[in-house]
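Just the one chain here, the form predicted on its own, laid out as structure tokens.
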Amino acid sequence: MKKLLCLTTGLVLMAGTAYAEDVWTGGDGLPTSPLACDGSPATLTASPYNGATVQNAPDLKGKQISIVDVPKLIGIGYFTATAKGVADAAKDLGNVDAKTDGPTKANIDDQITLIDNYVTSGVNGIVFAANDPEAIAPVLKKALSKGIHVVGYDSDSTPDAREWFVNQASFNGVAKALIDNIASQIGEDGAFAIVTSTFTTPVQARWISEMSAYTAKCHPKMKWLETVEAQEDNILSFNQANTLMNKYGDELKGIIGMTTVATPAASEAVKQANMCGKIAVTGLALPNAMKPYINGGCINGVVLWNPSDLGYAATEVLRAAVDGTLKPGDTSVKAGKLGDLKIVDGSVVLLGDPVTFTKENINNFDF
């Protein structure tokens, strides 16, 4: 009931280690593993396979296969880039026919309908980024029961609804990068807020949980004002950033965008409010979208990975699953031009560490 109330209000207040443990921040409430404050690397330990098993899949090793890529939505730069990665991998492999088809808004019902249509029409594989981890699970399980291989990327389902999930970076690694970045700009006593996508989007909720744990451990005096959702919508993200600035006034020193839509929109809001240098913005963002703000001196830096590589890796992983060269218990998988990728947490393929884009390096990237 308490969590439902928070979902209804969309507002959570917390302050360093002073907030009560049961206050909801937008996280998923699962156990966390914050990284060391001094940057010491985490120790990766193998764990038993916890993904699903495809049923009665035909033997298509080395043969031509058809796959569909179903992202959370189409029409935004991030998923345009992942779709390019899917297409590039299909071309490099030479035995994969791939297409991308997704809803025009981050709507789980539309996403489920699309996937169900492809299960009915017939494909050999599905790669997806979930809008809701539990709601999407039944249709993915249906696909598995029909002999269709299923691999997630960017935003996971429940593990029992897919074989493998390609994680763009470790959750605690993203959390550390974002919190350290904002802390370096607003100071250890600064106050910040978060603009996320939706409160049911699994990957953002996992990052936020890890951010909460890392903040309490390594930046305990920082004040976390509020977490708001913006539906991966540019106008709503802009408006939410303005609402935060108006609501908290001089107390607000920083905004973290949890999506590649929210971060540039928040940056534009800060710029239009003439608050550059007074309110820091960081978050997850495509370099091309942030170049005007970073090169112009309004924003110092943002964090991301190469989304094209993410789509590329998901396609390579699905091909390996079809061919049987990736099996439960493996600790790595060959992913074409990306090399060998590590497998962690039983069924999660790790793309790599996030990159911080600053004025010094952002012009070296074009996506």
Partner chain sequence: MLSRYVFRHETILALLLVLALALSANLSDRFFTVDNLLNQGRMLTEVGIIAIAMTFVIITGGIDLSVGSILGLSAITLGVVWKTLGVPLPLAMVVAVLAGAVCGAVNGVIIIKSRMPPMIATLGTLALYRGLAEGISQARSVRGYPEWFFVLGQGEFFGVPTQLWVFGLLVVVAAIILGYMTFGRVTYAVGANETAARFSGMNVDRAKLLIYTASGSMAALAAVIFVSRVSTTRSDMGMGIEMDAISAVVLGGTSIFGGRGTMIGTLLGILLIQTMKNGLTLAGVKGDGTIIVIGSILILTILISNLVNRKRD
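Positions refer to the first chain, counted from 1. Definition used throughout: the rigid core is the maximal C-alpha set that superposes within 1.5 Å between two forms. Small disclaimer: the values here were computed from a predicted structure and weren't measured.
Beyond the structure shown, there is the form predicted together with the partner chain, which is absent from this document and is the topic of what follows.
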Per-stretch contact check against the partner chain in the predicted complex, the hit in 211 to 219, 171 to 179, 89 to 97, 126 to 134 (non-hydrogen atom, 4.5 angstroms) | 126 to 134
In the predicted complex, the residue from 184, 295, 145, 121 with a non-hydrogen atom within 4.5 Å of the partner chain is 121
Though only this chain appears here, would residue 277 touch the partner chain in the predicted complex if you measure heavy atom gaps against 4.5 Å?
-> no
Taking heavy atoms only, is residue 109 within 4.5 angstroms of the partner chain in the predicted complex?
-> yes
Quick one: does residue 160 come within 4.5 Å of the partner chain in the predicted complex, counting heavy atoms only?
-> no
Are any of the heavy atoms in residue 309 no more than 4.5 Å from a heavy atom of the partner chain in the predicted complex?
-> no
When you measure heavy atoms, are 287, 340 and 360 every one within 4.5 angstroms of the partner chain in the predicted complex?
-> no
Can a Cα shift of no less than 2 Å be assigned to residue 229 between this form and the one not shown, given superposition on the rigid core?
-> yes
